[in-house]
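What follows is a single chain, given as structure tokens, in the form predicted on its own.
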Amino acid sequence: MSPTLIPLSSNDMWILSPEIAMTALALLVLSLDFLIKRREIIAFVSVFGLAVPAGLLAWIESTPNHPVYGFYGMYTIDNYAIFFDFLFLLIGAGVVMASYDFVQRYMRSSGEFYALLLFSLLGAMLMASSRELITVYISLELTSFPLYVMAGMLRKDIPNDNASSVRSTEASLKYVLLGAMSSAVLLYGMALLYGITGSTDLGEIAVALQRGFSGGPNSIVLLVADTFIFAGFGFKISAVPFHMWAPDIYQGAPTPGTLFFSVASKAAGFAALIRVFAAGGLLNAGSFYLWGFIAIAAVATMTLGNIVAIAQSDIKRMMAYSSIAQAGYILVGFTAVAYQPSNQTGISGMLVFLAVYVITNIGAFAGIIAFANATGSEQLRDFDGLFRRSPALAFGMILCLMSLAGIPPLAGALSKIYIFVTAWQEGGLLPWIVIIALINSVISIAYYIGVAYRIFVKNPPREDRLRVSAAISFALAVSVAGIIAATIFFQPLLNFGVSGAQALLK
């Protein structure tokens, strides 16, 4: 059933009600930071205030005329957008809980950090629903600007690291410069696409590309436009060769900011990338060269990420390269979609993989933050004997890392297998890409098992017990419970992803 466009009127505003609620929540948190000094109240409002946009999303999903389109078709709330919006809200709640103690200790203003986080999530929600290139670009910038500030918010050195505040400032500067460059590349690609098709609306672009234009689908201009657009989003998802920002910025930024970058930026980047290329018809009109470019990016991303991660001595740098490798696995699914644009299973596999990755990464970083709060260190060697110092923290971290490694029967393995099977079934050169991905999965086990070896086998540098706050313990417990739930109820999660893919390809 084709959706009916709603004429632009005041009634269109209800479509934006979740985003309006998110804006109000961010402004409320910022106001509370000026009015009161009790940071626990600000964190409480930040977490539980997310229930309002979540409720509005559930209400919109239950309406009879769902999916809804508004603003002359530039904006939509369909199952694809709802999938990502709920994922973004989950990210917000998880990051606030995991970051509570760190923010209290090392940042001057918790309200600023939480408000920036909420504004960035607002931009991410807008990106997931945008069906027009300029709206996508503005939403991308709204997502990115708070991240640049968050990267440099560490104004006090953490114990045992006298250069941490300097690295934070350096990370912010690098992020701004590289982010501006990637935005320029993306905007230039969008301008070329507009020049080819005469429209910035994704639906009209798809129709124009389907009808053909001067030069045809193999036009050099179209290929350049596709490449530039992919490069712009590739920066957000840290795909090779656009990954150069991730290791330094992950290491230098405050650890809660690193957690947020690793999940929110990646999820938002993939949300926009998939919608622009699938709904905009770029994959249907793309040539073999576009498919080959995406395939090479997938192989290079997971291979470089896994190999370089083995050599890291700082756990945040290791997680940065792990994040790069995870992006490569997701791009295997995108390669299958580029090969067969009507492949719903490829898109649903990407969505489910992202959901499991978000849940798992929040837990892994919650453990890292807890350890840094207790010891003042983020070096891998200092995790020696963690099991003796905090058994619950050790088990929680290892479960999350094993899910990232794809150890069966955890949800991380199920989502990875689903993507690989989808790509394998497309035939052609895709089975070879899957074989490379499987080899990379084996390689990744080396550095994840290396962390487990340190935690469970090595002798601790001290025999003291580590104190873990209630907020971080709760965040880690929720993440572990989420992994177990996603493992047991993988099929319902997959059904949610399939409904999102179907909505996107209508």
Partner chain sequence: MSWLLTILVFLPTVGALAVMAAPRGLSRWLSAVFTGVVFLLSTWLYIGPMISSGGNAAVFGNVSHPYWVDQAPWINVAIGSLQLKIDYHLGADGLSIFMLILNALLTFLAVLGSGNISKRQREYMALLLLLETGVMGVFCAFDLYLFWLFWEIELIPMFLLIAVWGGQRREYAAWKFVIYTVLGSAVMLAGILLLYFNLGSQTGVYSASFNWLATHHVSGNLTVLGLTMSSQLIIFLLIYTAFAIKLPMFPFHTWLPDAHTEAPTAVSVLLAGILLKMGAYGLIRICVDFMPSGAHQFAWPLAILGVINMVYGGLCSLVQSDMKKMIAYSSVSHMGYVILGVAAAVGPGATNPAFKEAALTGAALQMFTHGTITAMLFFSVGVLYDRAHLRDINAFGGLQAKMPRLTWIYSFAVLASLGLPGLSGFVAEYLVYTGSFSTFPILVGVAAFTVIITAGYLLWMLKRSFFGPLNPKWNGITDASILEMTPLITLAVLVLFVGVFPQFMINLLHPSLNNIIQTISGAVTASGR
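These numbers were taken from a predicted model, which means no experiment stands behind them. Numbering follows the first chain given and starts at 1.
Below, we turn to the form predicted together with the partner chain, even though it does not appear here.
- Proximity of W14 to the partner chain in the predicted complex: non-hydrogen atoms within 4.5 Å are absent; the residue sits far from the partner.
- Proximity of P461 to the partner chain in the predicted complex falls outside the 4.5 Å heavy atom cutoff.
- Using a 4.5 Å cutoff between non-hydrogen atoms, P408 counts as a contact of the partner chain in the predicted complex.
- Contact check for V52: no non-hydrogen atom falls within 4.5 Å of the partner chain in the predicted complex.
- Here the marked residues M402, G450 and V457 all reach the partner chain in the predicted complex, each with a heavy atom within 4.5 angstroms.
- Here the chain stands by itself, but in the predicted complex one stretch of 318-326, 414-422, 177-185, 89-97, 414-422, has heavy atoms within 4.5 Å of the partner chain.
- Taking a 4.5 Å heavy atom cutoff to the partner chain in the predicted complex, the contact residue among T200, N361, T345, S390 is T345.
- Of the candidates I36, A470, A481, V442, V442 is the one whose heavy atoms come within 4.5 Å of the partner chain in the predicted complex; the others do not.
- Of the residues in 481-496, those that come within 4.5 Å of the partner chain in the predicted complex through at least one heavy atom are, in sequence order, T487, I488, F490, Q491, L494.
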